[in-house]
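The chain below stands alone and is given in structure tokens; this is the form predicted on its own.
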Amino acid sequence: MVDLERIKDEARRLLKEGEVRGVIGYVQGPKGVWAVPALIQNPDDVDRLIWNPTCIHNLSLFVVEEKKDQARQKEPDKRPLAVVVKGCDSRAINVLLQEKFIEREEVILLGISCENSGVVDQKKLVSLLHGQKIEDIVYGDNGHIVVAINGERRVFAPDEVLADRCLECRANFPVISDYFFGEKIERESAPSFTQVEEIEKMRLEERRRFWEKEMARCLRCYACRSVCPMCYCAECVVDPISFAVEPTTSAEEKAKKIKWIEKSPLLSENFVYHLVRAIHLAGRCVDCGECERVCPEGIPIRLLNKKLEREALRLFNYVAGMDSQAPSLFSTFKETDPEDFIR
């Protein structure tokens, strides 16, 4: 079991001794039992830190945002940032290290095991409880989740309430950390791509109708992109939002600004946006599921990423985020590659 007091003690020490400029972790949110991310900079505030099955967010996103914020400062604080990381969070950190977006000395990782379980899917749980007020959510035995309702405790099996990504996770503990809390319990089962396989069993026309129905609901709110720690580009290739206009910039140069798709949520434009984004995440997506969680329309965005995750595993035996020292998937090649143009 994870000892929360040990985590607090380490975070408090790091802040008191000035080793870090802040600690990114989870605190009690304003809406009931659900945790929210927080940047803690005062040692006296460390007691606000919590750890339970509602710690859903991938905190590596805030490492990205802090890095961007530092780049805008004239005299940024160069001390590292301490970050609480679950298994998927740590894999995202590894990808950021692989791509040199951050350096290892810029982060101190407080790794937390997911208790041989995972985090809950809020929609699943709320649906099961039919709107009853939740008083507490904690980890139980054998990966079960214990929920307190009206003074009573109800125990749910993992497949009833855990996020789909947690049910399919092969390493629900940090694969990289400076301090580790909990147990490392490796799962021997093969990676699951059940949902992808179900889609692939459909006839081509059925598959087309399925995705047309899903993509037609997209609002192009870009919540999926905003929550993804891998989408750190200053400007998205399928959504150019900035153009440096100087006194010498001509009207012709402005008119020739590349615009791949329109912002309006037309079906064809939505397809281009999601497919291009999925391809850009190939070999980089760590299956944290945040994109699908925040989608206001409930579009199964994760399915696209899982398809490419399976192809990376099948073709190259590659799993994103497992090793920060490993070469990234699309920046390397082998001399034994069967395609002539590679050599």
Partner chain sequence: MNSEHEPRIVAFLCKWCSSAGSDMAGVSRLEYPPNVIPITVMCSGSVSPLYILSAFNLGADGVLVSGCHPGDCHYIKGNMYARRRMALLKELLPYIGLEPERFQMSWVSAAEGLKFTQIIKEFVEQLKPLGPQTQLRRYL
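Residue numbers count along the first chain shown, from 1. Each form is matched to the other, and the largest set of C-alpha atoms that superpose within 1.5 Å is called the rigid core. None of these values were measured; they are calculated from a predicted model.
Below: the form predicted in complex with its partner chain, not depicted.
Only one of 47 to 55, 62 to 70, 304 to 312, 290 to 298 places residue heavy atoms within 4.5 angstroms of its partner chain in the model of the complex, namely 304 to 312.
Contact annotation for the candidate site: Y26, P43 and V146 all lie away from its partner chain in the model of the complex (no heavy atom within 4.5 Å).
The shortest heavy atom separation between W34 and its partner chain in the model of the complex exceeds 4.5 Å. Among heavy atoms of R207, some come within 4.5 Å of its partner chain in the model of the complex.
Within 4.5 Å of some heavy atom of its partner chain in the model of the complex lies at least one heavy atom of E269. When contacts are judged by a 4.5 Å heavy atom cut-off, T332 counts as touching its partner chain in the model of the complex. Residue in contact with its partner chain in the model of the complex (any heavy atom within 4.5 Å), chosen from V95, I102, L81, V196: V196. With the partner omitted here, the residue from E235, E262, E252, D159 that has a non-hydrogen atom within 4.5 angstroms of its partner chain in the model of the complex is E262. When the rigid core is held fixed, the Cα atom of K16 travels less than 2 angstroms between this form and the one not shown.
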